[in-house]
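Shown here is one chain on its own, the form predicted alone, set out as structure tokens.
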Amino acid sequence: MTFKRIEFKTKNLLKQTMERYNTRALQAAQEGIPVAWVTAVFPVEILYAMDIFPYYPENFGAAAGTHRRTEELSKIAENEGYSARVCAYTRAGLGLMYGFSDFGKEIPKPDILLPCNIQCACLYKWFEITAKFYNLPLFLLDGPQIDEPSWEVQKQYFIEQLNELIGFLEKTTRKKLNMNRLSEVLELSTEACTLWNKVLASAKTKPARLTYWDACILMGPIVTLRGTKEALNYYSELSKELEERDKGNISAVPGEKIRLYWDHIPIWPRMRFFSELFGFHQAAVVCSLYTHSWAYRFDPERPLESLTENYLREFVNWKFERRVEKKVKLMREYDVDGFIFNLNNSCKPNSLALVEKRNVITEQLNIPGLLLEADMCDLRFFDEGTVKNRVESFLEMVSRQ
């Protein structure tokens, strides 16, 4: 393959931003700052407002996949009785916990565990096991499945959950939440999210200025540092660079001929493989609900209500029809020629009813969809030859449309 990804000039800024985040996570305990483990769909703005450091162990799971350590760590967890069909992030985290005595060397040992079950129940079980292993406090933020006719009841329930969370944090950490400070954090979060939306929208142009593979790397600060000046500063610079790309008509995929949607999490250890494979065939993967999941818009005047309206409406939490509707809307916005679903061994909520979703979307948009089978991190569930053949056959079919 001769395709080569165009590097971003802000690459070093991204590296420095994420290195500072990870260093602060490991040093927080020395500075007397409580470390809270959180799941991806968790209102971290509350934590930043209370000077509690939020750490995403899922990031370690993704990094373990990228650096091809998942199998090693998973086998440790499997020897403890956990199935290889459990989420790879969970297996990597449990493998690290059972296999190494000192978390602080790689990821910070938590003081508090704060799972939210909006995205899935598996991560909650991981956090529950960790809490028992270290005898630490845990609070589950419970998000109900969205049912539109009952929205007001569900909204009020989640607001009550947030109030319980705040009370738990104040009692556990002896820190008080200042609502004015929370409003300030929400403003910063909204500004960064607005810039992140702008960054992602640069793939709407023809040719696209960045790809989904780029976005998966560039999303680090919007996930971990949402609500901070660091995230805002990074996306301000990245946004300027993409404006330059637009003025110079720089294409992320030279000679772009095909535009595609990829559904949800990438296959982390084979990101370069996929980027080069699609790029070689002049196919740009331009959007995914996964990278769009952190594009929130908060109202600082209504902090708890606004947090509820954003976090509780995570797309995994909707019924089948609404989930399809959100995917279709994004595919139309980015004018794609086809889409790819991955039957992810690790992520059951996002692999639910993919065949049915593919059929419905193809009927609505009159574009083809490809269904792959792999794991987002564990290469024991990845057959490169089969995947390559299926992708190339699919791209050939799309190009003939």
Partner chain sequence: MSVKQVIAEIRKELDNFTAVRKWKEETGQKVIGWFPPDVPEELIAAAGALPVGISGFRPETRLAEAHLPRYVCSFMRGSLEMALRGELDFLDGVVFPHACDTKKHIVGLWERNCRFGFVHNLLFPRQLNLPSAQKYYRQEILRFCSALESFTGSKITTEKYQHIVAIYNQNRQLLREILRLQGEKQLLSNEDFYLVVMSSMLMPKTESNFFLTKLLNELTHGKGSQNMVPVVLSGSLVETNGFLKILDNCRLIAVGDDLYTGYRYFCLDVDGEDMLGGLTKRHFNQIPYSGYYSERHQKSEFLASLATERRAAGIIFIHLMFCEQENYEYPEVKQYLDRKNIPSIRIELDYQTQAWGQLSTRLQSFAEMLGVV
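Computed from a predicted structure; not experimentally measured. Residue numbers count along the first chain shown, from 1.
Form predicted together with the partner chain: not shown, discussed below.
- This chain lacks the partner; the member of Phe280, Phe273, Tyr134, Phe320 within 4.5 angstroms of the partner chain in the predicted complex by a non-hydrogen atom is Phe320.
- This chain lacks the partner; the member of Leu370, Ala29, Ala40, Val360 within 4.5 angstroms of the partner chain in the predicted complex by a non-hydrogen atom is Val360.
- The candidate stretches are 172-180, 224-232, 243-251, 151-159, and the one lying within 4.5 Å of the partner chain in the predicted complex by heavy atoms is 151-159.
- Using a 4.5 Å cut-off to the partner chain in the predicted complex, not one of Ala25, Ile46 and Leu304 places a heavy atom inside that distance.
- Proximity of Gln145 to the partner chain in the predicted complex: non-hydrogen atoms within 4.5 Å are present.
- Among heavy atoms of Thr90, some come within 4.5 Å of the partner chain in the predicted complex.
- The shortest heavy atom separation between Glu80 and the partner chain in the predicted complex is within 4.5 Å.
- Not displayed here, the partner chain is kept clear of Lys257 by more than 4.5 Å at the level of heavy atoms in the predicted complex.
- Residues Leu343, Asn344, Asn345, Lys348, Pro349, Ser351, Leu352, Ala353, Val355, Glu356, Val360 are the ones in 340-361 with at least one heavy atom within 4.5 Å of the partner chain in the predicted complex, listed in sequence order.
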